[in-house]
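Below, in structure tokens: the form predicted alone, a single chain.
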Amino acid sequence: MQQQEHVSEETAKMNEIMGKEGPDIEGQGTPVQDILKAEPEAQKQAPQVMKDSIRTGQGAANAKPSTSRSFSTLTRRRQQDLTTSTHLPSSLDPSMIPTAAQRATYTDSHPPAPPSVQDTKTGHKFPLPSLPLPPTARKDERYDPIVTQLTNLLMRDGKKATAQRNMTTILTHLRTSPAPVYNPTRPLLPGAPPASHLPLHPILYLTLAIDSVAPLLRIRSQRGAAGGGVALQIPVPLGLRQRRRQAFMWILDAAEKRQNRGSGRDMFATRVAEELVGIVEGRSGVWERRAAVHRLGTTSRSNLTYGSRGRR
């Protein structure tokens, strides 16, 4: 069954055929509040706003425009007051405002600063660093120098990624291990931080362990220098990188002799980290190797002038 059209719709079609203006259909209609008044069941599903409107008896037809705002304009008024107050310095004492002569004198005595590198160079993907650069900034190195050197010493068969993973395991073990207990008989470098601070700074932990057992010299054997084919022991001083390299090679040798406490590909790195902790606590055999080299260097110090007195 087809529903008949509304009277207004029929009138609009007739006026359109006859070329007249019909009633405004789009602007007319029954308010929703009036429909809901006749259907109590539909009122239960209606929004709360419509329920309140029906309860107060204000429909869409007799609704009056509200004269109050639902928001505050205090911030906008304050912003306008601040804008006008910046242009009208009437609240200041006139004696505090510099005169034109004083402004000209200040401009002559303080010439404008030249544009900085950050202002002249544009088009960078990332902003340029602030100048001057801090003294601890490393421009040419991504990681700490000792971390880079030890990572290269850990590398085998050119597998740099494996060495980096092992170095990450070592630093993680130092970071998560309990604070070490210093041994008074095995003094570390002067100025060492408290033991409780070392796990918070694993690179400092690593550097302290390496530099504390790094030998100051090495023993070079000169064949035939003592006469009769006997080798002469000559102590040779070492640089910083040479000292760290020798110390870490000793640590690697000691770590290879340790037993695994588990299984996995990170067991060797864990043994190296345990050896570093043992060095700080004075339990590692690397201390004995360092002391032996220094004792031999002390007994051979008379051979330091071998090169100056000539070879036989």
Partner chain sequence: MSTPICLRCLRRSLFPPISSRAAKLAATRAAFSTTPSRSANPPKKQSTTAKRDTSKTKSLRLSKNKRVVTGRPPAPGERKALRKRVVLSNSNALEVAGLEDFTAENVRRATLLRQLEGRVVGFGDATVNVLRALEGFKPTQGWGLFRRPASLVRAETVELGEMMQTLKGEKSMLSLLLAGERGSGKSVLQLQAMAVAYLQGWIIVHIPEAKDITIGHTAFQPVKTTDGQTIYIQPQYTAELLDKIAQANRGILSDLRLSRQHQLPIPIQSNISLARLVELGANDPQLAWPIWQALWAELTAPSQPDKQGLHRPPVLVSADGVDHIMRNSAYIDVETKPIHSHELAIVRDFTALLAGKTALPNGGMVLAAISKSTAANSPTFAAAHGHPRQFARASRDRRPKLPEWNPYDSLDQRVAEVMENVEVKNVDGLSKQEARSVMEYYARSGMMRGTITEGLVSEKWTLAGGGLVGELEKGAVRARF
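Everything numeric here is computed off the predicted structure, so don't read it as measured data. Numbering follows the first chain given and starts at 1.
Absent from the display: the form predicted in complex with its partner chain. The rest refers to it.
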> Which residue among Ala192, Ala179, Leu232, Leu153 has a heavy atom within 4.5 angstroms of its partner chain in the predicted bound form?
Replying inline: Ala179
> With its partner chain left out of view, which of Arg175, Arg220, Arg241, Lys159 would have a heavy atom within 4.5 Å of it in the predicted bound form?
Replying inline: Arg175
>> Based on heavy atom distances of 4.5 Å or less, which listed stretch (245-253, 280-288, 259-267, 44-52) is in contact with its partner chain in the predicted bound form?
In response: 259-267
> So in the predicted bound form, does Pro199 come within 4.5 Å of its partner chain, heavy atom to heavy atom?
Replying inline: yes
>> Using a 4.5 angstroms cut-off on non-hydrogen atoms, would Ile203 count as touching its partner chain in the predicted bound form?
In response: yes
> Is Thr168 close enough to its partner chain in the predicted bound form to count, meaning some heavy atom within 4.5 Å?
Replying inline: yes
> Can you check whether Arg103 is within 4.5 Å of its partner chain in the predicted bound form, heavy atom basis?
Replying inline: no
